[in-house]
Ligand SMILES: C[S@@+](CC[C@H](N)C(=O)[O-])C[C@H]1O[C@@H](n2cnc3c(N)ncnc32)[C@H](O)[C@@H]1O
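Below, in structure tokens: the form predicted alone, a single chain.
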Amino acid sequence: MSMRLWQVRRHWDLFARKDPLWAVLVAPGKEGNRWALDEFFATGQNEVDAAMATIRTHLPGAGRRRALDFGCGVGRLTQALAHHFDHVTGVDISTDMLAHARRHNRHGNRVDFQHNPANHLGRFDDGAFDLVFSLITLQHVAPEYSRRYLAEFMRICAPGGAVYFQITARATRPARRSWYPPTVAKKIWRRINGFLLLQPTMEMHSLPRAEVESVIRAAGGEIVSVDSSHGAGTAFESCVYLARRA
């Protein structure tokens, strides 16, 4: 059974209190608050600069006024987007992550951070952003939520604007099946941990490429390009999508 959004929020609040940078960007040797702040934010700048080069190639007419960073965490990508847009809004489900993001903000009132625990983005008007951006976030919520968020991305994107996002398409390693008690115990442990928050957990979910494309089309968009991504590690096939709002 997948976590509900209120459970996802609780787990990410705890990650924010224990090891926020590593939770946002899992990397060997960085667990235990060993990320250097400048090194951490530099990874975001590199990723955003590469993404913007792709966007400029495929959608040269897309605006550069306002951008949204969905699942912003501590602002790793939000800060980088501020080098390309007049104003950037970061949105996240975790209030504790947002507290870190505001503390690390280097761009004054050109960047703002908003808490959104809902399964929609109704706080934002239709066509409010020239770019909607999301990396290594949608994979952590169940498909019933990621489908809704994808449709919302298209709604809040300005006509002719860009939606750039990553999500896993499928697991590349088959799940081990067993009827033995350890498997049952593991399921019971996950259920208990989900409610009692004995330790934070990152759930991983996938949305097949055909389903992603169907959601985007139904929401009034078109897929412009799809590239493979290693954002979810080697256990998952992951895709980065660039879509245009019609």
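Treat the numbers as computed from the prediction; the structure is a model and nothing was measured. Don't overthink the numbering: it's just position in the shown sequence, from 1.
The protein also exists as the form predicted together with the named molecule; that form is not presented, and the subsequent description refers to it.
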Requested in this report: Tell me, out of 80, 111, 163, 135, which residue has a non-hydrogen atom within 4.5 angstroms of the named molecule in the predicted complex.
Outcome: 135
Report summary line: in the predicted complex, the residue from 97, 154, 131, 88 with a non-hydrogen atom within 4.5 Å of the named molecule is 97
**Report entry** Contact label in the predicted complex: residue 246 to the named molecule, heavy atom within 4.5 Å
**Finding:** no
Requested in this report: Please run the contact check for residue 23 against the named molecule in the predicted complex: heavy atoms, 4.5 angstroms, yes or no?
Outcome: yes
Requested in this report: May I ask you to state whether residue 8 is within 4.5 Å of the named molecule in the predicted complex, using heavy atom distances?
Outcome: yes
**Report entry** Partner contact for residue 93 in the predicted complex: the named molecule, 4.5 angstroms, heavy atom
**Finding:** yes
Report summary line: Per contact check vs the named molecule in the predicted complex (non-hydrogen atom within 4.5 angstroms), the hit among 70 to 78, 103 to 111, 123 to 131, 155 to 163 is 70 to 78
Report task. Between 137 to 153 and the named molecule in the predicted complex, list the residues on our side with a heavy atom within 4.5 Å. Result -> 137, 140, 141, 149
